[in-house]
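Only one chain comes next, encoded as structure tokens, the form predicted alone.
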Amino acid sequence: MYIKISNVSKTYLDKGREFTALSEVNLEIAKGEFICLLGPSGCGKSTLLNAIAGFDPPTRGEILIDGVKVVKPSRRNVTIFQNYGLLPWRNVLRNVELALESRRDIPAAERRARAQRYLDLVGLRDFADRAPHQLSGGMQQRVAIARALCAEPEIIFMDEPLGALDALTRMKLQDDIRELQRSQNKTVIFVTHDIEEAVYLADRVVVMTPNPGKVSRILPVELGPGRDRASQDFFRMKEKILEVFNLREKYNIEYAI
């Protein structure tokens, strides 16, 4: 298995008291898979993501990527956050180039060409000379995605990257992310608290529950690549997740026959 998470727990000291953020998490992820970590605030989704990415190793347990224990971040992987992380004093193209500037083996001309190629891929060719503040939120997130892809990572970690966007922009970027993941065959681990987003994007949804953070259920999303948000199959998948959270009766979900 490409990513193997074994008996992972994470504890912190909070005002002299021990707080358990994650407890005995076990999960295996295949190469090229799109995984959504889904759950309410405080359930440990971001804590688990940061542990897999190597930013904050677990207190107990082990995480292996391609057979190698994760102890620190790897240049082979990238993380995209909700706040875009663009440098305001650089134009769009130079923000994307930033992904390669630590690579002494890549000449400047090649860095620029690769950055331009990924801007083309996310539909921002004509905005290469713009400053980040001249772009909409959705366009800024596309720049962040282009920068991530420019590094040609094996794994892309996404921590609620669309949470600050309006609904229409969010749906468009969900389409873009899913298509890019499929065309580039990237492994994606995506944190969200939005059930519909998880169903639309994921190959499998990992449902987490809080206090402490645990994996409650792992649900395969067997809807194929072309997903219709209005289909009965889509609604049934949402229903399965609502049942895990004991919310189906609250929302009184019914389906037409």
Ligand SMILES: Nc1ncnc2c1ncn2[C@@H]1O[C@H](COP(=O)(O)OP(=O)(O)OP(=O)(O)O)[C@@H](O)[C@H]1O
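For clarity, every value in this text was computed on a predicted model and none was experimentally measured. When you see a residue number, it is the position in the sequence shown, counting from 1.
Although not depicted, the form predicted together with this ligand is the subject of the following passage.
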## Note on the structure
Checking Pro220, Gly67, Gly224, Pro40 against this ligand in the predicted complex, the residue with a non-hydrogen atom inside 4.5 angstroms turns out to be Pro40
### Query
For the chain shown here without its partner, which stretch in 198-206, 42-50, 228-236, 23-31 has non-hydrogen atoms within 4.5 angstroms of this ligand in the predicted complex?
42-50
#### Entry: Partner proximity in the predicted complex: Glu160 to this ligand, non-hydrogen atom cutoff 4.5 Å
yes
### Message
For a quick check, can you give me the residues of 1-29 that have a heavy atom within 4.5 Å of this ligand in the predicted complex?
### Response
Tyr12, Phe19, Ala21
